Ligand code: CP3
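First, one chain by itself in structure tokens, the form predicted alone.
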């Protein structure tokens, strides 16, 4: 039986050809996904149907042979389990109700059944994956999840959450603590059900001032990592603080994550010099370049690989794959990634 190369790299091993998976690889750019969604209905119908969610998780593995499978789910499952109503509207994105800018966290009634549905999906995927394929679970980071819970939806500048953090720091801190508690349980549950590693997505970390970044990104992430490692010491944890920029080295040093994801704005040469020696990194091809294709695509793949060739590296995108990305462009990128330097 094979051992996942993804796990070997997360455990500190350098590979001449890096393992690869793409954020949002299970989703709308695949015709087989679109067909299943047309059959099953809305997004949440798919997430909470364990057979459908497992099938979607496995689709890109069958088609492309990625070295890692990422659980098909959503970061807003945690607030749904905490008691907010969750809906997805075509063209408008997710909505959470009631928004906590005008409601109390204590008024919500927890619904842990939503987490149980995800664990069932994990078990089905784990039973079906090839032995050489790593399996990644995930959760949203407390700051990012809180931005949705406070505003009730996504926003460009996360203003509602940032204002609450300044105006009502004790109330906001209580919300962050509650998200931490649920997230630790949720990730531990995914691990128990069969994932090999987990990723913490902090999609909106770039919107915070330095002191706020320390308080609402680094500190809660460190707590999750410490508590999860106490329970699941063998499970690697990837941190992905999108937009962190110059805060990235501090995040890497102070959170305790086992690997750091780089978004597409990070210069991999700078990251290699600035991050702790030997720390595994993940990334960071621009999803728009994957969408565009052409001669620039293999050149960019090579530059990233060369820049990060002196440390453990998992090749990935700098963020999620665009829904309009042609299958042929994914195939071209994978050919370049899997070609010896």
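Everything numeric here is computed off the predicted structure, so don't read it as measured data. Numbering follows the first chain given and starts at 1.
Just so it is clear, the following notes concern the form predicted together with the ligand, a form of the same protein that is not shown.
Might residue 186 be said to contact the ligand in the model of the complex, defining contact as any heavy atom within 4.5 Å? No.
Is there a heavy atom of residue 148 no more than 4.5 Å from a heavy atom of the ligand in the model of the complex? Residue 148: contacts the ligand in the model of the complex.
Find out whether any non-hydrogen atom of residue 275 is located within 4.5 angstroms of the ligand in the model of the complex, and reply yes or no. Residue 275: no contact with the ligand in the model of the complex.
Looking at the partner-bound form in the model of the complex, is residue 252 within 4.5 Å of the ligand by any heavy atom? It does not: once the ligand is placed as it appears in the model of the complex, residue 252 has no heavy atom within 4.5 Å of it.
Which of 108 to 116, 73 to 81, 190 to 198, 224 to 232 lines the interface with the ligand in the model of the complex (heavy atom within 4.5 Å): Only one stretch passes the 4.5 Å heavy-atom test: 73 to 81.
If you check 94, 98, 206, 256 against the ligand in the model of the complex, which one has a heavy atom within 4.5 Å? Residue within 4.5 Å of the partner: 94.
So which of 53, 26, 314, 285 reaches within 4.5 angstroms of the ligand in the model of the complex, heavy atom to heavy atom? If I apply the 4.5 Å criterion carefully, the residue I get is 26.
Are all three residues 37, 88 and 138 in contact with the ligand in the model of the complex, where contact means a non-hydrogen atom within 4.5 Å? All of them do, each having a heavy atom within 4.5 Å of the partner.
Residues of 155 to 170 having any heavy atom within 4.5 Å of the ligand in the model of the complex, listed in sequence order: Nothing in this stretch is in contact.
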